[in-house]
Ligand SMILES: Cc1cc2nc3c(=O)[nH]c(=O)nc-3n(C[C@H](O)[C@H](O)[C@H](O)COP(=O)(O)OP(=O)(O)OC[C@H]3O[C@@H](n4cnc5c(N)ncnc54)[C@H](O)[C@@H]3O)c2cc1C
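Have a look below at one chain only, the form predicted on its own, in structure tokens format.
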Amino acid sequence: MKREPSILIIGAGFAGLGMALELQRRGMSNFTILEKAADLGGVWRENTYPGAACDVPSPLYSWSFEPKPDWPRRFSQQRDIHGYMRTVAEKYDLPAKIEFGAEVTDAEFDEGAGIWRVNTTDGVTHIADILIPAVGQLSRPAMPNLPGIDSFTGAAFHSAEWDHSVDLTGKRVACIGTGASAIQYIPRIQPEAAHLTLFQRSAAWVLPKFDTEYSALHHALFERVPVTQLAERFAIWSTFEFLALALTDIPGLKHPVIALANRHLEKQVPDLALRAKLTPDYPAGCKRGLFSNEYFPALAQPNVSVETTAIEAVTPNGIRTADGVEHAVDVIIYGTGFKGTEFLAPMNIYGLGGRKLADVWSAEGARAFLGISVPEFPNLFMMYGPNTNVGSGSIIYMLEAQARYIRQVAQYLAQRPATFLSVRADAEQSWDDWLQPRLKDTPWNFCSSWYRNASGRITNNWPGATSLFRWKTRKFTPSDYEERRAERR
């Protein structure tokens, strides 16, 4: 007997759309995507700050089965990536499978019926056999915990919620944070500002960005001889795999990368005092490495100051640093990242016996078998779950591996109606026992970053090459799971 299970996917970003595409391309159509916004796209819908772009080249940062021969650039901008997502979704008629404006508040597994009951803010309860949260790790902006942050009388916003109504021309602008977003928008807004002050807690490791604008010849070649674009994709993938090995398995490989970053800084910042401020004081790879040819030159301009003294408080007229100096500004931009370790929040997920997932994870932090399954949470399979983020490489490559694994589970359950699966606790523990020693040997333990939670556990990153994760998830093994039948089906 075969009955295709009903599936609910939460989120219509790359993870959710990729999961839906994997199902649909394999002949499974009994799924619905719940999306809280009015449009698809996830982070590529939300992040519209000036200069927003991907730091992974587009031939790799795209679905393997849907190459795009006419990318404008090697490192594409936000609007082009969002447009690509829309085009592919429409090609496969996915918008018809998306319920927009459906924000999930909680989900509870009904053990007797063997189903998930999922509630949304509009008061609707959705029912499904399989629940697949695909909400990502970088969807909830994080604001710093600074005294007086609400007292500032000027304009202030997070970079992921850019206020385009604020004209920065001739303004004194404070930028807090030096992450992947700041390195992109600072060069764009620096020429507009009367003065820009960058408040830097730690300097970033920055590598040259080997970007290029694709010409009509490139587009024609990629279109007519697809193997050329495939070759570029493979070359990019191989480069990132090399960098991943340098981070996790063969530390000696980092030396040429470090030399390249140091040379990049020396070449672009001749001023020794400024160069000292922009020199990282932590091991390479401990925080996300960044790519830019414009960031250092922007900081070297006469209308820019780099402030390394810690912020003491936000005041009505600006920012006061620990040395007592008050920096008067008109606008504050918070490039302070996301709540990356708060997986699935603010949703409440309840498994067997009413166990709350957030409580299960409260002691050490999020953990899951293959980053996908948690014991006692049946038929719950996460996309972009714990320890599936990449220190180097394309998250889409990782998402495709996860989607293939989950699709295999769905096919298995289709052969066993009214059945639900929970990953065995010993299988999850064995996975964690293999994972954690690998994480301890990585540079991510040597500084504070969004990869680690408050207890010091690295909950986000995958410790190795993306090909290793693909190998680990290549085949669903039923013996890793406990199988039960519902009583009321």
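These numbers were taken from a predicted model, which means no experiment stands behind them. Residue positions are given as counts along the sequence shown, with the first one as 1.
Keep in mind that the form predicted in complex with this ligand is not shown, yet the notes after this line are about it.
Among the candidate stretches 53-61, 431-439, 451-459, 417-425, which one is within 4.5 Å of this ligand in the predicted bound form when only heavy atoms are counted?
So the stretch in question is 53-61.
Counting only non-hydrogen atoms and a 4.5 angstroms cut-off, does Trp444 reach this ligand in the predicted bound form?
So Trp444 does not count as contacting this ligand.
Flag Phe152 as yes or no: does it have a non-hydrogen atom within 4.5 angstroms of any non-hydrogen atom of this ligand in the predicted bound form?
Close contact is absent here: in the predicted bound form, Phe152 is far from this ligand, nothing within 4.5 Å, heavy atoms only.
Using heavy atoms and a 4.5 Å limit, would one call Ala246 a contact residue for this ligand in the predicted bound form?
No, Ala246 sits far enough from this ligand in the predicted bound form that none of its heavy atoms falls within 4.5 Å.
Answer yes if any heavy atom of Met28 is within 4.5 Å of a heavy atom of this ligand in the predicted bound form; otherwise answer no.
Contact check for Met28: no, nothing within 4.5 Å of this ligand in the predicted bound form.
Give me the residue from Gly179, Gly136, Pro141, Pro283 that has a heavy atom within 4.5 Å of this ligand in the predicted bound form.
Here the answer is residue option Gly136.
Please state whether every one of the three residues Arg3, Gly114 and Phe377 places a non-hydrogen atom within 4.5 angstroms of this ligand in the predicted bound form.
No, the whole trio is out of contact, none within 4.5 Å by any heavy atom.
In sequence order, which positions of 219-241 have a non-hydrogen atom within 4.5 Å of this ligand in the predicted bound form?
Going through 219-241 in order - heavy atoms within 4.5 Å of this ligand in the predicted bound form - there are no hits.
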